[in-house]
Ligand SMILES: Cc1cc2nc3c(=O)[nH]c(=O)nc-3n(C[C@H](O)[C@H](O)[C@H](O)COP(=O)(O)O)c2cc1C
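Next up: just one chain, as structure tokens, the form predicted alone.
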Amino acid sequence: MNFLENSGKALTNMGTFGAYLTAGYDGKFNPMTIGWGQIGISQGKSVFAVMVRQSRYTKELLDKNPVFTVSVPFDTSHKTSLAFCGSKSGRDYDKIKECKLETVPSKEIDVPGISGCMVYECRVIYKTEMSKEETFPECNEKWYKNGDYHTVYTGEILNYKEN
């Protein structure tokens, strides 16, 4: 697997269109919309780092089952679904059903990807809880006025596919 071949396109598309971060536990899956992420090398492994606010349902799922997929659309065809998944909580909605998303099984983990996307299958190798004390004041002022910081999950990329 050469995840680097399309990493530039994946990051560009994620910044332009957004992407689905899907986590799951006990047969329940929740795709949330993300627009921030990092692809690279850490500890000798190919990694995808994602940020999840500490108040989010997805964080609960990731803490119970530390695997996730990142599904990055090729184009704007997911615009409506990404808007829904970014504004509604998986505590209240089955987003896959509501958005009529087609899932694709993962090869290496028990959380599916979303069809029509570049899909990264990841296993968390470490996480970092952000805090006010460790975040630059200008970032606190711009992104964290309410104190709802992110947890950064760094996942080893176990598989990459396009579908």
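This structure is a prediction, so every number in the text was calculated from the model and none was measured. We number the residues from 1 along the sequence you see.
Keep in mind that the form predicted together with this ligand is not shown, yet the notes after this line are about it.
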* Is P66 a contact residue for this ligand in the predicted bound form, using a 4.5 Å heavy atom cut-off? -> no
* Could you tell me if T76 has a non-hydrogen atom within 4.5 Å of this ligand in the predicted bound form? -> no
* Any chance R53 has a heavy atom within 4.5 Å of this ligand in the predicted bound form? -> yes
* **Heavy atom of M32 within 4.5 Å of this ligand in the predicted bound form** => yes
* **this ligand in the predicted bound form: contacting segment from 34-42, 98-106, 66-74, 114-122, heavy atom within 4.5 Å** => 34-42
